[in-house]
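A single chain comes next, written as structure tokens; it is the form predicted on its own.
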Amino acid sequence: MTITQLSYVLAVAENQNFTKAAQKCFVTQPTLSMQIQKLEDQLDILIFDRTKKPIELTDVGRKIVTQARNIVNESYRIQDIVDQQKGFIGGEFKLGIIPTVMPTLLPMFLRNFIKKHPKVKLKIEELTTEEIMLRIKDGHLDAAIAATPLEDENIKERVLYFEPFVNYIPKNHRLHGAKKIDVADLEVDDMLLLEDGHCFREGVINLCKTFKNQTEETFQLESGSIETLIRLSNEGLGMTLLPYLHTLEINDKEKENLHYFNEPIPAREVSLIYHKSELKMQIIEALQDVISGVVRGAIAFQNVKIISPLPK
């Protein structure tokens, strides 16, 4: 049994196809098939049911894949130990970022990080929190940037910053005349929200329920992007809440619709998350250092009391 054979098994389990798996592993399909066949012969079991299309794992195959993933991940730790001993920060690093963080945070830190650590090859994907957690556990992501806490024993979190919420209230709205807003003033029923699957949506709902005992979730409209929420609000369809970093990019006319909260200011906790196995920690620490440095100057709320509505 070899690490290479186990890696081939994981590739087939992921792609459910020997040809696609071979392409991902940069080997020929006969070579990959032969190595998996050798492993099955050695163990005297079938890992894959080849009669199904797409190919499926057998019952014992599922257990083998779980263990194989642990073994392959642990094998990477040896290279990690060598890299850390040499002080090397480089290689491929797969990073996921949630949609409500990606458009504002990525431009802030990416150029600085590439300049400071040119040997790191970042592969970045925009993913929901649910997708991120699955991919971190499966080993398809090295780390991610997401709203926390997630309260998952398999995932570790390093807080990067706390990002305050800001009210976006159009001129025809009942709260537009208020200089500052209390959380208790919010009404879920006239709030424009993101679609299901966005953790920012859940944060807003939790915030409203915490202070007003609201149980109904009857919304006028839901959207997949914060930019669309702003446009819908401008059309008089309701107010919305924005993460603070999004407010830095809107135009002067739209800034007239921004209304800040009275203290304590609700905020979301944004963290760098990664698997408890702690692979590639030197790159994770480098990311944390760069991101915390650039965001610290952008968020001007360090000296006010904040609260977080996001814990589940």
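One-based numbering along the sequence shown. Quantities reported herein were computed from a predicted structural model and do not represent experimental measurements.
Another form, the form predicted in complex with the DNA, is not on view; read the next lines as being about it.
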**Candidate stretches 29 to 37, 264 to 272, 239 to 247, 277 to 285 - the one whose heavy atoms come within 4.5 Å of the DNA in the predicted complex** = 29 to 37
**Asked** Does the 4.5 Å heavy atom contact test between residue 258 and the DNA in the predicted complex come out positive?
**Response** no
**Asked** Does the DNA come within 4.5 Å of any heavy atom of residue 57 in the predicted complex?
**Response** no
**Item:** Distance check, residue 50 to the DNA in the predicted complex, heavy atom within 4.5 Å
**Value:** yes
**Message:** Whether residue 17 contacts the DNA in the predicted complex should be assessed with a 4.5 Å heavy atom distance threshold; does it?
**Reply:** yes
